[in-house]
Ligand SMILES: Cc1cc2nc3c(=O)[nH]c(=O)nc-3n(C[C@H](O)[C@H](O)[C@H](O)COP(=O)(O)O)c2cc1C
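Only one chain is included here, represented as structure tokens and corresponding to the form predicted on its own.
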């Protein structure tokens, strides 16, 4: 399971291992899937303007986030129903992240639950919670998160309501997390607490609890500024992989405005279409501290659980090292916007256009 030569091999095996419903859930998005395509197209529109004659015999890919040293500047984001892609679910991702040395954000909409994962797998990680109860319920969840040893707490702010995903609707596919009241963000009485989230809730968390707070789903610079003002510890730029609001700006294109608004006061994480080492370098050039790679995570998990995820991360690390050196930079902390310019994508982009050899039958 862990002897792949390329990331393309991993994607091919993931597709072979998954049934049509789970595959479409993984690669699909909301409505027309324009946000998904735009994420990838924008990444392919940013191209390198490298420097030469720099001594890059040694490169450093490590970075710091939430007091943790990441071996590469990558975060494995929260994925609902990750147990559809690997039998051990969130525990498998936690094991791979801990063994390799990156940060994992565990979704509340997956199995096992966050306390079980904390007991089964040592190592720092963040817990992401969808609201399915009132403030007292939330407070209890955060207290248990802290007691379980999580190094951060994440609120996802772009899921006020669950989107329409036509791939799923047309075949009657129901994601695992949507088969429970918690998964649909409704409590047993039918209340959608996720839609009631507000800045007051963020302020309450910061005032009452001593745990770093990540707000995920930030796209607008004004929201980024407000995150800083209310004490948020990490701003996470994301359009949910195109799975929520259709026709949003690509995440990498939203990133510079958010970075400018934050003005170095807190770290910025970004996701949305990032699949390869060069993509990670682009995100860091535009100001991100780390890059979330959700579909990458799920594809690797589906290809063979923990061994495949470790192999995928190793290949990704090598891609990052090569791209870093070939831009003429020795440390990810020294990447900057001057190494990128905009150009036209070479061809129409789609969710897996980072793996062109798939289409050529390799």
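Residue numbers count along the first chain shown, from 1. Here the structure is a predicted model, which is why all the values come from computation and not from measurement.
Only in words, not in the display: the form predicted together with the named molecule, which the text now covers.
Enquirer: Report yes if any heavy atom of residue 117 sits within 4.5 Å of a heavy atom of the named molecule in the predicted bound form; otherwise report no.
Expert: Close contact is absent here: in the predicted bound form, residue 117 is far from the named molecule, nothing within 4.5 Å, heavy atoms only.
Enquirer: How about residue 90 - does it come within 4.5 Å of the named molecule in the predicted bound form, if we only consider non-hydrogen atoms?
Expert: No, residue 90 sits far enough from the named molecule in the predicted bound form that none of its heavy atoms falls within 4.5 Å.
Enquirer: Might residue 80 be said to contact the named molecule in the predicted bound form, defining contact as any heavy atom within 4.5 Å?
Expert: Yes, contact at 4.5 Å.
Enquirer: Does any part of residue 241 reach within 4.5 Å of the named molecule in the predicted bound form? Heavy atoms only, please.
Expert: It does: once the named molecule is placed as it appears in the predicted bound form, residue 241 has a heavy atom within 4.5 Å of it.
Enquirer: Tell me, please, which stretch of 293-301, 309-317, 52-60, 328-336 lies within 4.5 angstroms of the named molecule in the predicted bound form when heavy atoms are compared?
Expert: Only one stretch passes the 4.5 Å heavy-atom test: 293-301.
Enquirer: Heavy atom within 4.5 Å of the named molecule in the predicted bound form: which of 145, 107, 289, 86 fits that? Just give me the one.
Expert: If I apply the 4.5 Å criterion carefully, the residue I get is 107.
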